[in-house]
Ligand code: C2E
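What follows is one chain in structure tokens, specifically the form predicted alone.
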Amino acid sequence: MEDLEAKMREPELVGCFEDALQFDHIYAVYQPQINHSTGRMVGAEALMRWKHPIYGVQMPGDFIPVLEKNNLIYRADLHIFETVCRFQRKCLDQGISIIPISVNMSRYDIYNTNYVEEIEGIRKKYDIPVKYLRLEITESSAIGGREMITRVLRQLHDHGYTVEMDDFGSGYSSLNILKDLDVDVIKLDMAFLSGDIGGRGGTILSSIVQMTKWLNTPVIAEGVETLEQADYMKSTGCNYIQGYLYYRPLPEEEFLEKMTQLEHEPLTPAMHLIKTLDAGKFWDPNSMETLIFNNFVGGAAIFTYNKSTKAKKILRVNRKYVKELGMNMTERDIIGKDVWNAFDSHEEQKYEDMLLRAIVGGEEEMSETWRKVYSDCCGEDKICIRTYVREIGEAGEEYLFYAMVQNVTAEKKRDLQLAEDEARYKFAFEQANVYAWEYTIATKEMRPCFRCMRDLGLPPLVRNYPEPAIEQRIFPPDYADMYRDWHKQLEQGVESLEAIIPLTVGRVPFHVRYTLEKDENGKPLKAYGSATLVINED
């Protein structure tokens, strides 16, 4: 007899329920979940279907409410769970590589105190590794009875199950549920993107994806029907797709064929965080991590950097960070701003090179960069910031960094002034034909000026002075003993010495002087020597 595809009434559905279980008229179809970036299969969802031998296929929206009303959905859910386990066991026995399959868990399952024990008994009966089974709880079923749901989730986690929140964003308490329930995977309801891809719905979806990165929670976009939707979700950092764009729900044999054809990969969080960072605690205002961040470290910030777009966004700063920047700025002046605008092209490249070194090497890196800062009250200024960064997470081309900063503007300005003074000093020395050096009496070490090193070939540090200078004939042999005696006199505390001495093999006359420096106890410490060219005015 042909299928009539007729809608069954409630009494007929209830009356046929036992036969539907016994003869698998209630069965599972499978909708694959795909990584849109790689084309690999990361999992699948098992969906309940009912096909009556006479009346044909019954729509889930028609029969599931009837099963719920008559307290039959619990047994139907267990039947689907066993159907999935039986299918996976058949695959394993045939040496077929399997993927995790999600099974829906209704609010009626949660209220049944034996649910976790029942599914554990089925799983063990078929000897299926728990990593290949996931349980889905809908957002709507999580509203109300929070303590009971929390208890069931804890039991499932104790047994090693992965728990997914289905239809996230379709209800009215999404953020509260996400905050309170310890779920492992979030499935986004693509109804948010009805109409235009952009707009308010797209902004909300993008924000949710960014938020789940901090929770270290993978995200699957459910109900994706167009390539435009899939590409948009990929641009937000959500690569995992379930929907008609790739596959409609497939009968078991078709699903088995696709599962064997496609490569598999594990479902992973969007943001890979370092093991020592607990993001949940870090964002908790009352946690020890936040207390340390705010009070016991120097200027610190958390920011993201996109390697492709160069975009950099500060997510969080502490009070000391704001203080280091100065200009009476506030956190509001900093958070979310495009900080690249503060750099010129050269300084921007220095900063980016530091980030790339940190990404490649996995170690802390440092740079000093000049940047412009502006505040409404103080106007504009240019400051130098010493930054230490370490990568703490990544998601595709986006990286998460922890930064420590020091305002070194005053130090760098002093260095610049010293460099300018040294340049003028060198120029004056060049014009005056003066050589200078420093002699440490206790160690007999001499440190020459730049002209001594350049013109006379002396190293930066001369040991056992003055012997090397005598050996090089900087001081000629007939003056060698006199020069040695000078150093003995300096050891004895003679405060100054001077004479005209012909230096180098060319015997060029120089006015050589020594001035002694003593320590606080009057003991000879250092002597400062100079040699000035004697100019013959004849």
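The first residue of the sequence shown is number 1, and the count goes up from there. Everything quoted here is computed from the prediction, not taken from an experiment.
This protein has a second form, the form predicted in complex with the named molecule, left out of what is shown; the following refers to that one.
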Original post:
Gly506 near the named molecule in the predicted complex, any heavy atom under 4.5 Å?
Top reply: no
Original post:
Does the 4.5 Å heavy atom contact test between Ala301 and the named molecule in the predicted complex come out positive?
Top reply: no
Original post:
Is Glu411 close enough to touch the named molecule in the predicted complex, meaning at least one heavy atom pair within 4.5 Å?
Top reply: no
Original post:
Looking at the partner-bound form in the predicted complex, is Asn104 within 4.5 Å of the named molecule by any heavy atom?
Top reply: yes
**OP:** Name the residue from Asp167, Glu398, Asp184, Glu365 that puts a heavy atom within 4.5 Å of the named molecule in the predicted complex.
**Re:** Asp167
**OP:** Would you kindly say which of Ile54, Met59, Met482, Ile500 lies with a heavy atom within 4.5 Å of the named molecule in the predicted complex?
**Re:** Met59
Original post:
Can you say which of 316 to 324, 74 to 82, 257 to 265, 341 to 349 gets within 4.5 Å of the named molecule in the predicted complex, counting heavy atoms only?
Top reply: 74 to 82
Subject >> Triple contact flag Asp19, Phe23 and Glu118 to the named molecule in the predicted complex, non-hydrogen atom at 4.5 angstroms >> reply: no
